[in-house]
Ligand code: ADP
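Given as structure tokens, the chain that follows is alone and in the form predicted alone.
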Amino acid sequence: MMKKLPAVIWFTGLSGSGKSTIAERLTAELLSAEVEIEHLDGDVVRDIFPSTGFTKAERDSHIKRMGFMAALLEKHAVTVVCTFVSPYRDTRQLVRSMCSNFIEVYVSTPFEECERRDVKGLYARARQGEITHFTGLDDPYEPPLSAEIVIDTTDITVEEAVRIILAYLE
């Protein structure tokens, strides 16, 4: 059905942009289509490994590990949906080089909209100095230069975003 699978579908974007919400719905759709799939989510992984830090070096190491794991799963015919802020281009490019079929989904929702949503209260905590190395505020986010898919969730629904990705996979 999906000629682009197996693949590593790598969601990147700011906290609160909609990465996990879209990825969860996409994962459910692909599961219903009987695609072998695994979802690696940044928040879930950090809950399991709470000492994973937020400096550039710590983020790079974390993304490299997750990219390696995703590439291994892909080699075993599993499609992997990954949702990580992954703010640095060079690290995302390294992950791309590990994978046979890497599909970058840039959830390009603007910083102001992500901060307005502040689903987890992270932006408020970062503004108060409780969180340092916060992507988009006191740490950079390097947008992809040529992502396969770009989605701004400001004006589209989750269902529309999933349809865009499924259309690409078709």
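Residue positions are given as counts along the sequence shown, with the first one as 1. Since this is a predicted model, take the numbers as computed values, not measurements.
From this point on, the text means the form predicted in complex with the ligand, which you will not see here.
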| property | result |
| --- | --- |
| Close approach of Val44 to the ligand in the predicted complex, 4.5 Å, heavy atom | no |
| Any non-hydrogen atom of Thr157 within 4.5 angstroms of the ligand in the predicted complex | yes |
| Contact of Ile9 with the ligand in the predicted complex (heavy atom, 4.5 Å) | no |
| Heavy atom of Leu14 within 4.5 Å of the ligand in the predicted complex | yes |
| Stretch in contact in the predicted complex with the ligand, which is absent here, among 136-144, 28-36, 45-53, 112-120 (heavy atoms within 4.5 Å) | 112-120 |
| Stretch 7-44: residues contacting the ligand in the predicted complex, 4.5 Å heavy atom cut-off | Leu14, Ser15, Gly16, Ser17, Gly18, Lys19, Ser20, Thr21, Ile22 |
